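What follows is a single chain, given as structure tokens, in the form predicted alone.
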């Protein structure tokens, strides 16, 4: 985690920024000219988030504590504040959010003689501070709302590495960042603030913003699909904040989520954080399970768990029970597995999430909030298939997408109308992700699939993918 200081953190923008950074797990120091004011702001956030690592201090002490320092003070005190804390900023990254607004004409662009407030900051601090001008077009209300932020950050700096560092940090709190060139280009973002104020007033918009759109220059490349492993996650356990860990790992990998991406998360990762581990010694076995166990050649405790997780046992054979899980998915042993469960708990097995669709929705909501993008989420597991050997990745829970893509009515290369082409797109994406997630010791519990074609849907679930029982050819 990064130690972040926010000079002016008791104000609207600084306080909202502090809240998001603290919620993402970073150490936060709120700075103010008045120490008591900073402490009050820090305590308010700590009370709201309970376990947040946040404190308040006078500006100089706060600046000394942070690895990355944010400046969120009004333009009228920018120079005074920077001169005060200049010794504490040496060698650090300063994110300057200053906008040269001169009340009462805040809706009129009024850039300073130097060309930009950020250039005035550089004149005061010199080359010993790595200045990144950013956040001028992000309203405090947007940050404080806790909702996904559908606008972008324009970052100007002479230090590309500093911009990358800041971009990774901002991504963790739901902001997508674009490096727009040298520090002199900060003038554009600073001027845009007054333009956005005019738009808000004229069109009665709350907190308008800027979003960068476009498509890849190489149209053929844009039609491809890429799969990116999410590496670097710790061993997971009950109660872990999986979305936050995923966002943190993506940031460390230097990967930025985009609208339309699909996050595929392994069922085991979800089950572990949801506490779905069961010790066989704790299972109370019924007489019916004891009767089935010899036929299945399985411990009676496992049979009991399979029955408890299932609506129906469809086939019982030595070594396997084919069951219809309560979610409707037909799977061997109701998805119960002991692989990749820590060796000290060898007599422990892992059950599927109680409601994989609900799990997918929770992960999607949290990741979208944190990254500020619109994505789909798939919970996947490796399932066997009728008539074929081997397992393949398949969806057991979805959110944000229709799991089927109905192509009936479209035409083929020769103009013939497709009559029965329905694509299990969620399964195809899950299978693609499994190529980098693996089944053994890879330790990669999630992947991002980019470029896949699917239909976004807020009300989707996996049931659309399940063949109705009355249409089952082999009941």
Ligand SMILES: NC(=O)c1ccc[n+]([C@@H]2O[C@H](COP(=O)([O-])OP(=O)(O)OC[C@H]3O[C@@H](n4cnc5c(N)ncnc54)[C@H](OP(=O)(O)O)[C@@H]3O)[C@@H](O)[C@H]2O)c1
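Positions refer to the first chain, counted from 1. What you are looking at is a predicted structure, and each value in this text was computed from that prediction instead of being measured.
Not on display, but discussed next: the form predicted in complex with the named molecule.
- Contact annotation: the named molecule lies within 4.5 Å of heavy atoms from the stretch 94-102 in the predicted complex, the single such stretch among 299-307, 231-239, 386-394, 94-102.
- Of the residues given (46, 450, 37, 60), 37 alone sits with a heavy atom within 4.5 Å of the named molecule in the predicted complex.
- The single contact residue among 333, 277, 256, 207, judged by any heavy atom lying within 4.5 Å of the named molecule in the predicted complex, is 207.
- For the chain shown alone, residue 157 is not a contact residue for the named molecule in the predicted complex, no non-hydrogen atom being within 4.5 angstroms.
- Using a 4.5 angstroms limit between non-hydrogen atoms, residue 140 touches the named molecule in the predicted complex.
- Within 4.5 Å of some heavy atom of the named molecule in the predicted complex lies at least one heavy atom of residue 75.
- Put simply, residue 12 is close to the named molecule in the predicted complex: some heavy atom of it is within 4.5 Å.
- Whereas the displayed form keeps them at a certain spacing, the CA atoms of residue 450 and residue 143 lie at least 3 angstroms closer in the predicted complex.
- A shift of at least 3 angstroms brings the Cα atoms of residue 13 and residue 256 nearer to each other in the predicted complex than in the displayed structure.
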